[in-house]
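In the block that follows, a single chain appears as structure tokens, in the form predicted on its own.
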């Protein structure tokens, strides 16, 4: 195999591959990227056995062929090469070596046989549809902060993507929760998605998927089966196993009767929470919200390090209320708001609080209070 490829093109493909590769693994071949050259393109494939990413890039192929090489090492080399360089990759199968040449730089890397590389079995997908990158990015970006990190509740370690009913029509919905907070984001149902099985997309996959969704206008082909999910652009295909478990009935957690309504400038609120939480020794310290007629007092009292208080002008006309929240959770939810105002709906100081963006009900957040 011998190919010439633009450095920037190679770097993009290899950085996508090396981020999928597991740093610590017992199977040496899983640290490698499979490079296959044919026609006028080269494919880079990497896997950790749960996720597989395939990147197709244009290249001048002198000799077709395939080899596998350490993904992280190749990435480091390409990253350090000068911008605009033309990189020549030459594989010598007999010697088990790959030569990387660019200008006056020359590297020789050990390779492993391509036959040993595990390619993810292609699945029969029950549902396939197309969605704009901007739509998928919003669904996953706004929900992923609530993914649980507890390994014991593995079925919460991802984003639950499914079809649900909202205001009389069906929507494509993403939900994530860790038991302390919950995010539920809706988008219009794409054509062809109607019969999609609900799947839990793992946290790592959600992170990798973000790289495919940079271009707002890009069409993403989504394919879903009971065990796998695939997201594809014309050049990159990301295939992942889904979490084998049942996502809990989240609708029971979303409060219905909260009618104490607070409206506040989302950016001001987030900055104020951030400021008062500075005196707290731990990030999880409770922030107390004291609500009165059109005003909100945020306070933190940390006996070992000090106290802080800040007042905000808000729209609130219900009975006074005192309620406490984990500062980190409040911040994460407040920073999701794209619109100017955040609307909080309270019931009492012991009940879950609902938050949404202005009058938009397509993004709903729930956060559990803390004792203060």
Partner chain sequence: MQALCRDCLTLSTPSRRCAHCGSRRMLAHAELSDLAIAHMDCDAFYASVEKRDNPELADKPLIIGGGRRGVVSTACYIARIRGVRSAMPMFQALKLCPEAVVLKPRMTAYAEASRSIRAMMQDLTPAIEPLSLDEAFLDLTGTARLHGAPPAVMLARLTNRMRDELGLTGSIGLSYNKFLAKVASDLDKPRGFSVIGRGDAAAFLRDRPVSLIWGIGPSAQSALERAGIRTFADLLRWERTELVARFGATGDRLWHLARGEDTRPVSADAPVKSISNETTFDADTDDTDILDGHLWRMAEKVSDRAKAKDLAGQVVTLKLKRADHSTLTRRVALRDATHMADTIYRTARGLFDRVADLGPFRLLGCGISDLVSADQADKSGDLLDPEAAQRGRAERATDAIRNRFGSDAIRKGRALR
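Residue numbers count along the first chain shown, from 1. Worth saying up front: this structure is predicted, and the values here are computed from it rather than measured.
One more form of this protein should be noted, the form predicted together with the partner chain, which is absent from this view; the next part is about it.
Q: Exactly one of 207, 192, 248, 118 has a non-hydrogen atom within 4.5 Å of the partner chain in the model of the complex; which residue is it?
A: Only one listed residue qualifies here, and that residue is 248.
Q: Using heavy atoms only and a 4.5 Å cut-off, determine which of 87, 156, 272, 98 is in contact with the partner chain in the model of the complex.
A: Selected option: 156.
Q: Taking the shortest heavy atom distance, is residue 278 within 4.5 Å of the partner chain in the model of the complex?
A: Result no; residue 278 lies far from the partner chain in the model of the complex.
Q: Residue-level question: is residue 370 within 4.5 Å of the partner chain in the model of the complex, judged on heavy atoms?
A: Because a heavy atom of residue 370 falls inside 4.5 Å of the partner chain in the model of the complex, the answer is yes.
Q: Would you classify residue 1 as touching the partner chain in the model of the complex, given a 4.5 Å non-hydrogen atom cut-off?
A: The answer is no: residue 1 has no heavy atom within 4.5 Å of the partner chain.
Q: Would residue 152 show up as a contact with the partner chain in the model of the complex if we use heavy atoms at 4.5 Å?
A: Output for residue 152 is yes: heavy atoms within 4.5 Å of the partner chain.
Q: Counting only non-hydrogen atoms, choose the one of 68 to 76, 250 to 258, 166 to 174, 208 to 216 that falls within 4.5 Å of the partner chain in the model of the complex.
A: Among the listed stretches, the partner-contacting one is 250 to 258.
Q: For the stretch 167 to 187, return the residues whose heavy atoms include at least one within 4.5 Å of the partner chain in the model of the complex, in the order they occur.
A: 177, 178, 179, 180, 181, 182, in sequence order.
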